[in-house]
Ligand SMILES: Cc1cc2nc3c(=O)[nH]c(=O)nc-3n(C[C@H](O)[C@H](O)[C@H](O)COP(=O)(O)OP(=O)(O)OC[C@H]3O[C@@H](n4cnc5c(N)ncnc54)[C@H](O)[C@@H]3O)c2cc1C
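Before any questions on binding or motion, here is one chain by itself as structure tokens, the form predicted alone.
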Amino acid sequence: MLFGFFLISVMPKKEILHLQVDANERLRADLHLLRMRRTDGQPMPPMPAGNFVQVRPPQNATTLNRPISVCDCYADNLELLVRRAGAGTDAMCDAQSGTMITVIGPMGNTFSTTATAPLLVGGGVGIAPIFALAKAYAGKGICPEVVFGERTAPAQQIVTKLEKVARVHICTDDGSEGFHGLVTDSPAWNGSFDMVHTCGPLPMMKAVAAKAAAAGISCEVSLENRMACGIGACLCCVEDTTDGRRCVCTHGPVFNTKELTW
């Protein structure tokens, strides 16, 4: 009991938010952008880039909440990029306008935004926190370079959002748009950078971290380990670090790769 209390006490301040779906934009068959709004007249709590929320899927689709990275947060609005991966995310993607969804957040730590020449690398749905980070840098007067990797041409709606806050370099596995190849081979790497931030599939993040290390550039990753409770009690999301095993939900999800045993 004391152990559980300690875990909860060191978590960042969070709220239970009852949000109304204002828009559910289908970007492709397996990907939706949900915009939800507070209806109690209060602003959204600050959710810096890297934070995630625990979402209670509508219609009691699952017994566990689902962790989703924050894509955008402003005024009384929260935007989440949701990929269909099972009953819980299917219910979110099928939510109609007006549906009420319970969200707990903010949770987790954040990306740093101290770099003056950052390179941001996102793969698949991992582009969500990368967009939030690009927006944060843009708010500081820095236009970051963003490498966006997808299997095929990405949803234009996401690209358009990114282009408002960053210089975007698209990479596709099939060559249908942008650079035909891996994000680590993108010509964008020819620039001079003082920090690399990345989120996406684990093999991609490891490759990005290795390339950054070879170039002597510090690298932050946002891990996407499976989570259940979101408060460090279930130990589902444990990651090996140089300081021992750490729960990604409470000590992350953002880690400098020097902390990881990759």
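Bear in mind the structure is a predicted one, so any value in this text is a computation, not a measurement. One rule holds for the numbers: they count along the sequence shown, beginning at 1.
The discussion below concerns the form predicted together with the named molecule, not included here.
A.B. asks: Picking from 184-192, 96-104, 161-169, 79-87, which part of the chain touches the named molecule in the predicted bound form when contact means heavy atoms within 4.5 Å?
C.D. replies: One stretch meets the cut-off, namely 79-87.
A.B. asks: With the partner left out here, if you bring back the named molecule in the predicted bound form, are 109, 221 and 257 all within 4.5 Å of it by some heavy atom?
C.D. replies: No, the candidate spot makes no contact with the named molecule.
A.B. asks: Find the only residue in 204, 44, 33, 68 having a heavy atom within 4.5 Å of the named molecule in the predicted bound form.
C.D. replies: For this set of options, the contacting one is 68.
A.B. asks: Please pick, from 136, 73, 125, 115, the one residue with any non-hydrogen atom lying within 4.5 angstroms of the named molecule in the predicted bound form.
C.D. replies: Checked against the cut-off, the match is 125.
A.B. asks: Would residue 227 count as a contact of the named molecule in the predicted bound form, using a 4.5 angstroms cut-off between non-hydrogen atoms?
C.D. replies: Residue 227: contacts the named molecule in the predicted bound form.
A.B. asks: Taking the shortest heavy atom distance, is residue 39 within 4.5 Å of the named molecule in the predicted bound form?
C.D. replies: Because no heavy atom of residue 39 falls inside 4.5 Å of the named molecule in the predicted bound form, the answer is no.
A.B. asks: So which bits of 233-262 sit within 4.5 Å of the named molecule in the predicted bound form, heavy atoms only?
C.D. replies: Heavy-atom contacts within 4.5 Å come from 253 alone.
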